[in-house]
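Next comes just one chain, in structure tokens: the form predicted on its own.
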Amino acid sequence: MRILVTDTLADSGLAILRAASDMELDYRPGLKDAALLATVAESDALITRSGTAVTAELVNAGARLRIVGRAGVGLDNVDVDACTARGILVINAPTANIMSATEHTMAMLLALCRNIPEAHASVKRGEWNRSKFLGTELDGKTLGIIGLGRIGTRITVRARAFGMTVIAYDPHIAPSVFEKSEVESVSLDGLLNRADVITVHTPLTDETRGMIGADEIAKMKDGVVVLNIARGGIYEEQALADALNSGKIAGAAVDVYVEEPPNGNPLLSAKNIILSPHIGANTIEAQDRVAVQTAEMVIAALRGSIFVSAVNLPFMGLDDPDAPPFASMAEKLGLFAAQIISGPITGAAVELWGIDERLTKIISVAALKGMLNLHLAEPVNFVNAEQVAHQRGIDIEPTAHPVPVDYANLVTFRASSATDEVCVSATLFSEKNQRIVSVNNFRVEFKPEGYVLYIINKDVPGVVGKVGTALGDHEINIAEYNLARNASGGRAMAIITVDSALDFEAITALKSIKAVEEVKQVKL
């Protein structure tokens, strides 16, 4: 099998590729245009970093292509949808740069607090002005971490070593993770009000894009220090620049930007800021880990293993033909539950009826994968789903019942938070015919795909008409409208499949209907 590498790769990774006796390495960094298209057509796997755009054209040119390996975390240069449509597995190395990003955060914080870049430049100019560079200590200060994931927890350890008190905001982490990390859990406003230093470590999602703007900055302490070594766009850059120039924020350290390179960015001319060119992952060790992990996973995937860090559904090529449809359905159950539950999930369980016990593991891991992918920056796969869940204080309890009940087969996924519990069941009528058949003891049947509205309302006349009118007024077409109720005059549930996503105004219109108690939009 032929592996084409089109970007520079560390020698440690190349050595692994060359040592594989059943693989042929074609190492051509910088391969472009027609030559690239012609060469990828004769390759079974492609490994790249950021220098090659893996477009739909390139994917479709790869007649033999089965694997795309991105030697890094980001996937901006890979058309994952095009790969998925062709059944091509996309692999990356999501954990390789965790320590590098952690250490870069601490390096930027120390450089900022001790004015190191300016002091260095001053001495190089032949100056000797010690009083100009009066710094601040970390000891005794309060660090606020937004996003207590893998990087956030590691920063906690290092910050405490400097004598800092650590508080954190993360609505998607179980309380046990805060306890284990010895970190106080606070609200976002509580963090903004109390922290002397604020660092963000979240993915860039619809929830986090622009989450720190002018209103949030106004709630911060005067003279606060802020860092963004995570993703460009979490801070509103103009608001951050304004706060630096006014002195509200005493200093900032930034490694990532909305547009890169940051030409014309207001942060370039802001006061009291140090900037780096997105180098959080740029260490010798991280690049070695990236190369080794990518090489090993590409070889394993070409040999038929699904246990790789895949960012798209790794169901093609599974040895067990019964596994892919059940794994796909279980993932949808986890994804659905994560979108309707209130509060961070703290516990999970899977029950199987009429399904061979050999599938228990893959089904339970698939459910975790769906549940976790909603809130995490790094892709969750079959290898790391249980580990990532455990790090967030979630352990899944699978149970298999050999005798079916109600249906020939049934998968039930339960998720619980401190304040809520969700129970969702689904059955497989055929390999491609999945149905969710119960949600929180409401017997309702619908396909788990596309955009779905989950509505709880009082069981009174006229609700269906009002909901339909509200959707029609906002030009939302209904594909399916499924109803269930627990008792006459009690509470009712509607599961509505729609053709397009609802905007804020449409959701507000539904919530304003008098009998409606709860509205949530789900994407499956």
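These numbers were taken from a predicted model, which means no experiment stands behind them. So that there is no doubt, residue numbering starts at 1 and follows the sequence shown.
If you look for the form predicted together with nicotinamide-adenine-dinucleotide (NAD), you will not find it shown, but the lines that follow are about it.
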query = Of Ala323, Ala270, Leu376, Val437, which residue is found within 4.5 angstroms of nicotinamide-adenine-dinucleotide (NAD) in the predicted bound form when only non-hydrogen atoms are counted?
reply = Leu376
remark   = The one residue among Gly147, Gly251, Gly72, Pro448 placing a heavy atom within 4.5 Å of nicotinamide-adenine-dinucleotide (NAD) in the predicted bound form is Gly147
note = With a 4.5 Å heavy atom cut-off to nicotinamide-adenine-dinucleotide (NAD) in the predicted bound form, the contacting stretch among 239-247, 330-338, 277-285, 216-224 is 277-285
4.5 Å heavy atom contact, Glu118 to nicotinamide-adenine-dinucleotide (NAD) in the predicted bound form = no
task = State yes or no: in the predicted bound form, is some non-hydrogen atom of Val311 no more than 4.5 angstroms from a non-hydrogen atom of nicotinamide-adenine-dinucleotide (NAD)?
result = no
message = If we define contact as a non-hydrogen atom of the residue within 4.5 angstroms of the partner, is Asn97 a contact of nicotinamide-adenine-dinucleotide (NAD) in the predicted bound form?
response = yes
Contact label in the predicted bound form: Met211 to nicotinamide-adenine-dinucleotide (NAD), heavy atom within 4.5 Å = yes
Members of 150-179 lying within 4.5 angstroms of nicotinamide-adenine-dinucleotide (NAD), judged by heavy atom, in the predicted bound form = Arg150, Ile151, Gly152, Tyr169, Asp170, Pro171, His172, Ile173
